[in-house]
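We begin with a single chain expressed as structure tokens, specifically the form predicted on its own.
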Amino acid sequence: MRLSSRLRLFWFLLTLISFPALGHTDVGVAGGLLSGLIHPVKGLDHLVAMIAVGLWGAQLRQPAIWLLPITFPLVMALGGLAGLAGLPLPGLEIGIAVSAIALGLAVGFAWRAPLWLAGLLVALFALFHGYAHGRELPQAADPLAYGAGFVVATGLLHLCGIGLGALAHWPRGAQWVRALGAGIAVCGGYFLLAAAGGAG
């Protein structure tokens, strides 16, 4: 199947998915640990970006395969504190959408970025995702359990990405991983349109 055909198939499947595009539009429904665990999975913008971190780490191999998935939750927690404190962060939704685009393109092109640059980009994007979560913490029934839940869920999504990224050890698998990255970038484009009010 050619790459363009894969993208069309991915886009078609995307339209069938009933999850909300933006995972942080459900302010007021946060609960405790279970709610925090489910939250990143409910929002495709969080889900694809976190899987992309694992995919990219797997492509870059050691030590990025572990450094990137560790960096993301740590900085995301700091972003969560910033959101909880009410610090300003302009362009939140756009930043999250751009994270999916950039990480998806990095995977799609199998970009061999220097470790420091890959870590810096992942940290920057984690800040936006964490801030979005942090804004919801005050509404949570149990903020600490909710925060712990979404950090754990984030780590599990990274592991899913690493697992899928292991396919890159084989030539055909590497093509699929890159196609998945391209699909994530397409999702990011959709999120960007949604953030701008042009989609959804």
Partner chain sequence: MNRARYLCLFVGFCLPSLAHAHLVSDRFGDFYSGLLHPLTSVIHLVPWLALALGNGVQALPQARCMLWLFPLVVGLGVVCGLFMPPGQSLEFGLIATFGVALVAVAGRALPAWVWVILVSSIGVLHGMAHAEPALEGRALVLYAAGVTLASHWVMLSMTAIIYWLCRRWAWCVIGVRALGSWILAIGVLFGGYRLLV
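Nothing here was measured: the structure is a model prediction, and the numbers come from that model. Numbering follows the first chain given and starts at 1.
What comes next is about the form predicted in complex with its partner chain, which is not displayed.
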Exercise for the section: Using a 4.5 Å heavy atom cut-off, state whether Gly147 contacts its partner chain in the predicted complex. Expected result: yes
Practice task
Give a yes/no on whether Trp170 approaches its partner chain to within 4.5 Å in the predicted complex, heavy atoms considered.
Solution key: no
Exercise for the section: Answer with yes or no whether Leu47 is in contact with its partner chain in the predicted complex, where contact means some heavy atom within 4.5 Å. Expected result: no
Practice task
Mark Ala77 yes when one of its heavy atoms lies within 4.5 Å of a heavy atom of its partner chain in the predicted complex, and no otherwise.
Solution key: yes
Handout entry: Contact stretch among 149 to 157, 171 to 179, 53 to 61, 38 to 46 - heavy atom within 4.5 Å of its partner chain in the predicted complex
Key = 149 to 157
Practice task
Using heavy atoms and a 4.5 Å cut-off, decide whether Ala110, Tyr190 and Ala194 all contact its partner chain in the predicted complex.
Solution key: no
Practice task
Answer with one of Leu81, Leu115, Ile94, Leu124: the residue that has a non-hydrogen atom within 4.5 Å of its partner chain in the predicted complex.
Solution key: Leu81
Problem - Partner contacts in the predicted complex for 92 to 123 (non-hydrogen atom within 4.5 angstroms of its partner chain) - result: none
